[in-house]
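Below you'll find only one chain, the form predicted alone, shown as structure tokens.
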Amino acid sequence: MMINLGTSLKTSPPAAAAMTVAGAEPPPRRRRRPLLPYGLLLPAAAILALTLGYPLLRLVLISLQDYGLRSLFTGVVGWAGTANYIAVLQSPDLTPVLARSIGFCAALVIGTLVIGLGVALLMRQLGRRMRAAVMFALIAAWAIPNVASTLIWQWLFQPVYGVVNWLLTRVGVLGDLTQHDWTTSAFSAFTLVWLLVVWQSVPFVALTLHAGLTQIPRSYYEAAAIDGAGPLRVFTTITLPFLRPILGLVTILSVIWDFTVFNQIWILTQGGPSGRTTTLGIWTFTTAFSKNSFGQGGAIAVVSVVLLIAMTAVYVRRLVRSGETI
């Protein structure tokens, strides 16, 4: 009697399906995200929505209105639509002010990061007492309100009575500078503001990067020293990769703070000489309060916010990605 092995080994479709299901791994279940983190973030989100969300919505509304000096007295506000934005985009002042704002912001961010990183690396090499003294000096400089520090800076560089002019005159390298006004040229005025803003911003960057440096294990540096790696090699292969997420964070914060610098420029130069230190913040203020065109001033402010979001979006995305890989 012949038995067809091919036929006997065949199984019915339901049996085959059962065997396949039984042998396969069950599909992974989607984890339900806990709601507790969102609940903890809700109070802070509500406060931010009230303190930042409402003013921003109000700003957008004003930028779409014909809001001027007459509206303040009569309470009657006309609807302008996109007329304010068209006037701003067609203004001949837009291109130089925008280029000036971006260039000055880049100079501030680069200077703050380079000097802050250098101070953080120096603090790592100092002894305990000297490091504590440097940290105290940084915190003291950081704690001074920017208006007060700007007024002190203005007095230091003041013609006739300025301490800096007096010291430079005593040195004699640049001649007699007792009557020199540092705000008469755009380059020296921007240099004056740059020194002030960087001096105010370095403490936060230096302390933050120093905290990141303390988290790098000493064993990595000891292994690099045994392998004969030089200081530059150690910095590029050990220090910089560990600090990359923190550098991304302080870069984003520096761009946000430096792009919106107002007090220091307004107190020291008020946008002069001849408007050559006017940035977007100064342009917004003078348009709204000097020309009493609050609608156009609001439009400039909205454009500044959009540009700031566009400038920081790439860095925020990279920071989130680097945080996910850590």
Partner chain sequence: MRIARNTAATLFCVVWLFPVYWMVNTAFKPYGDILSTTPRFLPFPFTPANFVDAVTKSGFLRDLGNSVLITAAVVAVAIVVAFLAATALTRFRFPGRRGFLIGVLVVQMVPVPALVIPLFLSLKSVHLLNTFLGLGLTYVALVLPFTIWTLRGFLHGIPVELEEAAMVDGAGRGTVIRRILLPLVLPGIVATSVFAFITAWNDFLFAYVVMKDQSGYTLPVWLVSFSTSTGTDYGGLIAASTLFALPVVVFFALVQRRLVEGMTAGAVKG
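Residue numbers count along the first chain shown, from 1. Not measured: the values here are computed from a predicted model. Heads up, when I say rigid core I mean the largest set of C-alphas that superpose within 1.5 Å between the two forms.
There is another form of the same protein, the form predicted in complex with the partner chain; it is not shown, and what comes next is about it.
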(request) May I ask you to check whether Y161 falls inside a 4.5 Å heavy atom distance of the partner chain in the predicted complex? (result) yes
(request) Spell out, yes or no, whether the shortest heavy atom distance between T284 and the partner chain in the predicted complex is within 4.5 Å. (result) yes
(message) Please tell me whether any heavy atom belonging to L156 falls inside 4.5 Å of a heavy atom of the partner chain, as the geometry stands in the predicted complex.
(response) yes
(message) When the contact criterion is heavy atoms within 4.5 Å, does W79 count as touching the partner chain in the predicted complex?
(response) no
(request) Name the stretch: of 99-107, 232-240, 197-205, 79-87, exactly one has residues whose heavy atoms fall within 4.5 Å of the partner chain in the predicted complex. (result) 197-205
(request) Note that the partner chain is not shown here; using its position in the predicted complex, name the residues of 214-231 with a heavy atom within 4.5 Å of it, in sequence order. (result) T214, Q215, P217, S219
(message) Is the shift of R276 between the shown form and the other one large enough to count as movement, that is, does its C-alpha move by 2 Å or more after the core is superposed?
(response) no
(message) Tell me whether I265 is among the residues that move between the shown form and the other one (Cα shift of 2 angstroms or more, core superposed).
(response) no
